[in-house]
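A lone chain, given as structure tokens: the form predicted alone.
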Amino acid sequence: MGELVLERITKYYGQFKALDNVSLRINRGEIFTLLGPSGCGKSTTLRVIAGLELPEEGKVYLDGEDITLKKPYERSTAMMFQNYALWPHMTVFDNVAYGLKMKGYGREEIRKRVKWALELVGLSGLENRFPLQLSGGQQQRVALARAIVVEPKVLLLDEPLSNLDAKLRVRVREEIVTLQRKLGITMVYVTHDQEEAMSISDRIAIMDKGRVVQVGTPKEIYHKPTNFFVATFMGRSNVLRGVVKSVSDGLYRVALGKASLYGMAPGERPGIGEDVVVVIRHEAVRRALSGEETNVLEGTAERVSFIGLALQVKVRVEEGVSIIGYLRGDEEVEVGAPIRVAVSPEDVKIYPFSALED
């Protein structure tokens, strides 16, 4: 169980529209991530699901039941907050047991459930410690144990790893996924970290300005962005201005100054002579092969940086036209040397010029 449906949710804070007609279907047992920049509405969406905010319009359904107006404690959801929200004067045991006590469970049942939850998160033996006696990672696990101990249908996590250092963040997110798979619980996860979302999610909803702009698997979101915002929000990309010169069988030839590239328009289709923006991911740019001519840009290596697995090269094609690419880490490129780079047409995404103003 744990199928969650949001139907045309709209939420205002004063005159500010925080959520604008948000509709989502979250399947049973999946990790569904709300991803987007600060202020896009992802945490507000989570709070509406939890019952901490009431929408002005729309409905929330859990397993077919309308829970829109139910109190937080009346729905089968549990929320883990960004700051963990642990009671500092309570032991680990009492923090985890708090929700069970509020639900009226008996002492022996509480003991069994707390023991089970702490074993799941690897904190057995720490029942009598206080939160300030724990590391950040351990506090995070206490908050997670407190959320799962009530066995909710849906577990809600609001940027739960943002207070951890980078190395610990990677380890803990792997533990969360392992735990979710073991329990089979539906999880709605909020983050602004693209790598985090890509690594843990079954599906991702990209949000911008209170709206859901695309929903899909991590691969779909990354490789098939439906609009300019998603294309530039996910990963690192070159954004170039150009003019459509020709169109044939869905393939567009775009002039970038004197140079030109062939590409595809995944959303609105621009016409010949229209100004457009071209989006090319850094990793899609490679060194051109000998004799290769199609979708090749010739220029000068303006900046070269070794970043471990790749050699990051900024190529100046002409005045006002530069492109950054990730070449193989073992390649040799000197600053100021001529260089030819290439990109496949399917990796050249073309959007109307008006996308820059949205």
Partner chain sequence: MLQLRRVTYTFDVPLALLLLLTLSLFSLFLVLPLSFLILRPLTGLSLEPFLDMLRYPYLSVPPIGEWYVISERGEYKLLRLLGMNFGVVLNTIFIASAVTVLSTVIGILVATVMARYDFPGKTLLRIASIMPLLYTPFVGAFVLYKIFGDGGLIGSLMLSLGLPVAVEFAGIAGVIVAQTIMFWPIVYLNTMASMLQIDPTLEEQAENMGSRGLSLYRTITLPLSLPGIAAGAGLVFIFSMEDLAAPLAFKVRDVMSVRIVENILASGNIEELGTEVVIVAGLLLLMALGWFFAVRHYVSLKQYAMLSRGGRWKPRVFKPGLLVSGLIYFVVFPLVLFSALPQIGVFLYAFSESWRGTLPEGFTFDHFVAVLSDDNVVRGLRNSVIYSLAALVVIVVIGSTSSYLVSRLNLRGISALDALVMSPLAIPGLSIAMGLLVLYGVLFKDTPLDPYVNPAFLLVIGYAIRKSPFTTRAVFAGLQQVHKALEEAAMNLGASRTRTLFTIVLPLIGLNLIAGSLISFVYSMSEVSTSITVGSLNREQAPLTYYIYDYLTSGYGGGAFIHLASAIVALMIIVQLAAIVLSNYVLKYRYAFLGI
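Positions refer to the first chain, counted from 1. Keep in mind that what you see is a predicted model, and the values were worked out from it rather than measured.
The form predicted together with the partner chain is left out here; the points below concern that form.
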property: Any non-hydrogen atom of Arg141 within 4.5 angstroms of the partner chain in the predicted complex; result: no
property: Lys314 within 4.5 Å of the partner chain in the predicted complex, heavy atoms; result: no
property: The partner chain contact in the predicted complex: Arg173, any heavy atom under 4.5 Å; result: no
property: 4.5 angstroms heavy atom contact with the partner chain in the predicted complex for Gly299; result: no
property: The partner chain: the contacting residue among Ala117, Ala265, Ile185, Ala78 in the predicted complex [heavy atom, 4.5 Å]; result: Ala78
property: In the predicted complex, the residue from Val285, Val150, Met234, Ala197 that sits within 4.5 Å of the partner chain by heavy atoms; result: Val150
property: Among 253 to 261, 69 to 77, 274 to 282, 133 to 141, the region lying within 4.5 Å of the partner chain in the predicted complex by heavy atom distance; result: 69 to 77
property: Contacts with the partner chain in the predicted complex, stretch 76 to 115 (heavy atom within 4.5 Å); result: Thr77, Ala78, Met79, Phe81, Asn83, Ala85, Leu86, Trp87, Pro88, His89, Met90, Tyr98, Gly99, Met102
